[in-house]
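Next comes just one chain, in C-alpha cells: the form predicted alone.
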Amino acid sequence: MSALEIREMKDGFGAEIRGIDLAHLSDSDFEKVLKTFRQQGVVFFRDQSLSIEDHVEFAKRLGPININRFFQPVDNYPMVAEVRKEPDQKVNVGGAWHTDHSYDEVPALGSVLVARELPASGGDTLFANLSLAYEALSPGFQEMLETLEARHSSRHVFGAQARYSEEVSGRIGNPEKAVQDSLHPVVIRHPDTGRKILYVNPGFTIGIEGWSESESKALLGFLYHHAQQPQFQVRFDWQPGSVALWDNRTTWHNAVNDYPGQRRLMHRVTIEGTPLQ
C-alpha cells in the first residue's frame, strides 16, 4: 500500500508530495504525481536520493527531454543542465522572474530540478501561478488580453551582446545559437486542464504584437506587477534531497540570490512541450 501523502501549500497552487521514492515510483503513484502536478502547477519532493540516471529516467516519464542550447551540461549527460553559482560569483542563473523557453515556437512543458549542493542558508526559489493571476483580472480586461499576441526572444538574454550572458560566463554559452523569436497568445489554455493562463514573462517577452514600445511597456509592466503579488506565489526552501517539478506553461520562477560567498549547484532536466493553444 502506498504511503504517498499530498500537502497543498496554497489553495490551488503548489504541493509537497511525501512518502515516495522517485527512483522507484509505481505506475499508480506516478499517475497521482502527474495529476497533482497538472492541478497545482508545481510539486515538491523531500528526502530523495536520485542519481543522475534516476533524475533523467523520472523526467522521461513526463515526456521527451529537451537538450538545452545555452546551459553548461553535466559531464557525459547532455540532457542534464547545471544551474550553478560559485562562492566568488555575484550573479546567479535564473535570478529574476521568468518562464523557461517561451522564446521557442513550442515552449518546454516544464522541468525537474534536483538539489546537489546547497548554501548553509538562502537560495530559495519563488514560483508564481499565472492561471490564478489571470483569473483575478476583471472580465473586461481578460477579454481584451485574449485578442493579443506577444513577442518573445532569446537574443537579449543569451545573445553575444547580452549583459546577462557576460555576467554568467562559463555557466551559459553558445551565444550564436540565441536566434529564437516567437509569437504566442497573451492568454493560452493549458493543454491538460483547459485553464486559461497569462502567458507573458519579464525574462523573455519583448513586446505586444502591433503595439508600440511604450504601449507594450505599459501593459506588460502592469501585468508583471499584478502577477508578482504574494497571493499568487509560493516559496520553496531547498534542503538536501529536495526535488521540484514545475509546469512551465502555468508558472514563473525566480531563484533568490541571497547567499553571497557560498556555492549552490542544481541539476535541471527540461521536458519538451506541445504547441500552445
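All residue numbers are counted from 1 along the displayed sequence. Small disclaimer: the values here were computed from a predicted structure and weren't measured.
Just so you know, the form predicted in complex with a small molecule exists too; it's not on screen, but the next bit is about it.
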| property | result |
| --- | --- |
| In the predicted bound form, the residue from 108, 83, 79, 186 that sits within 4.5 Å of the small molecule by heavy atoms | 83 |
| The unique member of 93, 145, 132, 115 whose heavy atoms fall within 4.5 Å of the small molecule in the predicted bound form | 93 |
| Triple contact flag 125, 253 and 266 to the small molecule in the predicted bound form, non-hydrogen atom at 4.5 angstroms | yes |
| Stretch in contact in the predicted bound form with the small molecule, which is absent here, among 94-102, 190-198, 133-141, 146-154 (heavy atoms within 4.5 Å) | 94-102 |
